[in-house]
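First, one chain by itself in structure tokens, the form predicted on its own.
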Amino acid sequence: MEIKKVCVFCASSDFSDQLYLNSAYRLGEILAGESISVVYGGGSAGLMGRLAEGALSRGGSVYGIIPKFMYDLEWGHNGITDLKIVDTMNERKELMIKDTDAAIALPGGSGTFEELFETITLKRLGVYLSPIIFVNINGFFNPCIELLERAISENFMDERNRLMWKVVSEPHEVVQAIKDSPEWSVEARNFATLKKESL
């Protein structure tokens, strides 16, 4: 598959371990090196800022989307390719994944979790069909993955739903993981219902 543009969810905190900050910078470098445009939350601090700087250092295109109240607090990155200011967090999330070839999650806090899980939900419903990649630096996402596995084992989700995401450990694995992700279709959302009806 041709990968032109990806969305990256990640933290805006400057207080996270340097390992995470360096990984965000490296992911930006890698994506730019593959001529893949980055869409992210538009921040200048934390993993957000490092991701943008990594991509820009290799001549990449970086598009940020930020709510006005955050921009007014001077949280926006004004050195990126384009920074779009929107009214609400919901509008931000919708535009971040629009027409992207994958959604990638780096470590982060509640905002990152919300973006990631909403995207998984949209994929389950057939609204968002592109690959979803967890970049599980230092095992950060292990509890999230365990929770998803629990939901599957307890029959709140179908086993096929595991195909909606892939987990990698390092930024250099991301592009190949996107390429290796199984195709997800609108029809796949009906899998659980069809399975039950066949029993």
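For clarity, every value in this text was computed on a predicted model and none was experimentally measured. One-based numbering along the sequence shown.
One more form of this protein should be noted, the form predicted together with a small molecule, which is absent from this view; the next part is about it.
Checklist entry - How about G60: is it within 4.5 Å of the small molecule in the model of the complex, going by heavy atoms? => result Contact with the small molecule, no.
Checklist entry - Hey, in the model of the complex, does Y128 get a heavy atom within 4.5 angstroms of the small molecule? => result Close contact is absent here: in the model of the complex, Y128 is far from the small molecule, nothing within 4.5 Å, heavy atoms only.
Checklist entry - Does the 4.5 Å heavy atom contact test between S110 and the small molecule in the model of the complex come out positive? => result S110: contacts the small molecule in the model of the complex.
Checklist entry - With a 4.5 Å heavy atom cut-off, would you call V39 a contact of the small molecule in the model of the complex? => result It does not: once the small molecule is placed as it appears in the model of the complex, V39 has no heavy atom within 4.5 Å of it.
Checklist entry - Hey, of 164 to 172, 41 to 49, 27 to 35, 151 to 159, which bit sits against the small molecule in the model of the complex at 4.5 Å between non-hydrogen atoms? => result Looking at the other structure, the answer is 41 to 49.
Item to check | D101, K123 and I178 each touching the small molecule in the model of the complex (heavy atom, 4.5 Å) | outcome: No, none of D101, K123 and I178 comes within 4.5 Å of the small molecule in the model of the complex.
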